[in-house]
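In the block that follows, a single chain appears as structure tokens, in the form predicted alone.
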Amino acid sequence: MNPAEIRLRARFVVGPDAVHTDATLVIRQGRVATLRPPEPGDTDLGEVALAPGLINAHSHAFQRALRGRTEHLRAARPDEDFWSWRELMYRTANALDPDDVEAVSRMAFLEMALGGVTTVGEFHYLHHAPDGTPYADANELAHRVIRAARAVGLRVALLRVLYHRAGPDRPAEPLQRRFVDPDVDTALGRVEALAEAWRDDAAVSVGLAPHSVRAVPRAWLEAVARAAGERVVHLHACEQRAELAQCAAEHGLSPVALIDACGLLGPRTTLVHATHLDGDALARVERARPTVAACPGTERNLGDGFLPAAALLARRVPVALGSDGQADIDLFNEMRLVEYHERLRAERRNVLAASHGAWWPAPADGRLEVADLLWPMATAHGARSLGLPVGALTPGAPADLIALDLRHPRLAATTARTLRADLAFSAAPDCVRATWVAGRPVIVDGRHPAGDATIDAFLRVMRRLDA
């Protein structure tokens, strides 16, 4: 049960529109009640900043098992790319049993929680046994992943993937059999069954995720559009040049044009990656305003290319962030990479600030803060992507928040004016002292109560896989 009232006093509190100095955040029954001046009896957290919990909009938790194991070049295959990495990923995916999936997922979620993430969008496509046989409960692995997130204490949006083929006119490959549903009606029925199983947990939601235009045919995309209703829809799109060529050959359209033609491009849709958008695609997303989930750390790791962030923000297209393949779980770094990649492309500084006026009123002093564009990517835009009322410390919202150590060397001497810039450009996961989800403590003094047990279970799985 949540305490009836929690009153947290902090040096700074990051509100929706301003950073407040020496303020108390009042939480009642797991929700933000008010922000007010301090009063006697408040719990004084000292030199910390309270901020909304970070939202990881795109995660493949099981890929935490890949970290450090794909960073080599095979001499016989010098042109390593996404597609060769994918083969290694498939082999790892097929080595995990249900207990392994839960243990590895719990490790990924623990690392997220320690780094200030309070909500994760889990793009889940491990469904069956390695030979493709469904478990007695066809959603067994989805349940395992949700239980892992909830055991850590995270809010989770399980984005249940629909997957059918290897590509146009290509049946699923042997290593893809764990992902595949026989037909779209079966897949949609499994989504509904999963949502029904978790409907009593307010911290669990379920969305639809047709994997990509290469993994499902057009008829499946159209069926998802008809079935979605109020559910969010996520799909990989325009991640790879080869994907664009395949889509053009099969449909005579780009992936974004196909998604649009199927009735799926809109505010409740999230396009994941979108590193290769042409002028027509940019015009379509400007009109329809989906969210784009960028994973610049993973996109850099895989050599996918750069998100066209400046072009998207100028068109008022919201950008959310994800850790994706878990090579590094650090949403603070993901924020700054969005801007830094644009600096490398443009060979100048503070590039995204040019879009400040598209999102914020003109500041009286003319100072256009880049962090004003980056901070919502890790908070409010992630909430939009997942269709959840989180991402801001507003009255009535779930009390999902983090406390950041202002005596940490990375944040020492920050001010109310520079705090958001310091969070976007200098903070790191170890700046997070505490987190709460729905007013319940998850991380306390930089530790999770089940942290050691979670790491031990993960190490047992990895030692067996590496043997």
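For every residue, the number given is its place in the sequence shown, counted from 1. All of these numbers come straight from a predicted model, not from anything done at the bench.
Beyond the structure shown, there is the form predicted together with another copy of the chain, which is absent from this document and is the topic of what follows.
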Query raised in the report: With a 4.5 Å heavy atom cut-off, would you call Leu368 a contact of another copy of the chain in the predicted bound form?
Result: yes
Requested in this report: Would you please decide whether Gln29 lies within 4.5 angstroms of another copy of the chain in the predicted bound form, comparing each non-hydrogen atom pair?
Outcome: no
Query raised in the report: Does Pro134 make contact with another copy of the chain in the predicted bound form, using a 4.5 Å heavy atom cut-off?
Result: no
Report task. Give a yes/no on whether Pro171 approaches another copy of the chain to within 4.5 Å in the predicted bound form, heavy atoms considered. Result -> no
Report summary line: The listed residue (Leu45, Ala421, Ala438, Ala33) that reaches within 4.5 Å of another copy of the chain in the predicted bound form by any heavy atom is Ala421
Report summary line: If we test each of Leu302, Leu141, Ala310, Val319 for a heavy atom within 4.5 Å of another copy of the chain in the predicted bound form, the one that passes is Leu302
Report task. Specify the contacting stretch among 286-294, 94-102, 110-118, 123-131, defined as having any heavy atom within 4.5 Å of another copy of the chain in the predicted bound form. Result -> 110-118
Query raised in the report: Within 4.5 Å of another copy of the chain in the predicted bound form: all of Arg241, Asp328 and Phe458, by heavy atom?
Result: yes
Report summary line: Within 419-433, the residues having any heavy atom within 4.5 Å of another copy of the chain in the predicted bound form are Ala421, Asp422, Phe425, Ser426, Pro429, Asp430
